[in-house]
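Quick setup: one chain, the form predicted alone, written in structure tokens, and binding and motion questions come after.
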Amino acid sequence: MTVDPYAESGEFIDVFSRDAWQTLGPPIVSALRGAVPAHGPILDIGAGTGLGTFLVAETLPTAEVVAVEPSPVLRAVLLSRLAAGESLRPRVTVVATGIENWQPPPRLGGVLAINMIGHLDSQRRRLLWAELRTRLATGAPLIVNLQPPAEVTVVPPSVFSTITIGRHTYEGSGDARPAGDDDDTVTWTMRYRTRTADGTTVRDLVVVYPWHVVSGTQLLDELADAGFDAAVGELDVVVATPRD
């Protein structure tokens, strides 16, 4: 049975991800303009709560979108968001599984894979790139992003997001350490605190999960081996297209 790393923390992911998506939006939108939705759907791998899915749908108003997300908690937010507006219901299909357990459509007009490749080890990534290479239309982009750390190392504790909703302030923080039993893995310890207006902590959730580290050089090598031309762009957004 697959363990859902977001089973406990999923309620916080959407609110803590919004600022990051605002920042990542411009280079992703720029890359999406190279998509060819007339040749196939746009695949959103690890769609989470749908922030990227909606960005694809807004950028490409004629595109069909297939959003693949294994976490029931994150998927519930995505489906609720889709149900709240009738305009996207006919265009977005949500698939309840991980990408490694599902076969993509035979032809794709583009692929988005943001904030998720650390869930895949090197072997699974290489299999995915090879699979996508055979399905992506000519010139269609595969859009991936790199996330720190770029090597197995200690990441000191830091606060990554704070947001106040009503009378509560929510704080997300984390740190990472080498897993010890795997050359390419760190263990993230994420902490989600809920505080009242006077600073009293009323909830303190700690979640631990593994993350497979990949550097820019390593990712470009993997993509090249799979038959892509790729480059690291703004905010470590990587855009790859099938090599002629």
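Source: prediction; values computed, not measured. When you see a residue number, it is the position in the sequence shown, counting from 1.
If you look for the form predicted in complex with a small molecule, you will not find it shown, but the lines that follow are about it.
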property: The single option of 114, 111, 78, 92 touching the small molecule in the model of the complex, heavy atom within 4.5 Å; result: 114
property: Any non-hydrogen atom of residue 119 within 4.5 angstroms of the small molecule in the model of the complex; result: yes
property: Distance check, residue 100 to the small molecule in the model of the complex, heavy atom within 4.5 Å; result: yes
property: Residue 46 within 4.5 Å of the small molecule in the model of the complex, heavy atoms; result: yes
property: Residue 70, heavy atom within 4.5 angstroms of the small molecule in the model of the complex; result: yes
property: Heavy atom of each of 129, 214 and 228 within 4.5 Å of the small molecule in the model of the complex; result: no
property: Proximity to the small molecule in the model of the complex (heavy atom, within 4.5 Å), stretch among 173-181, 196-204, 46-54, 31-39; result: 46-54
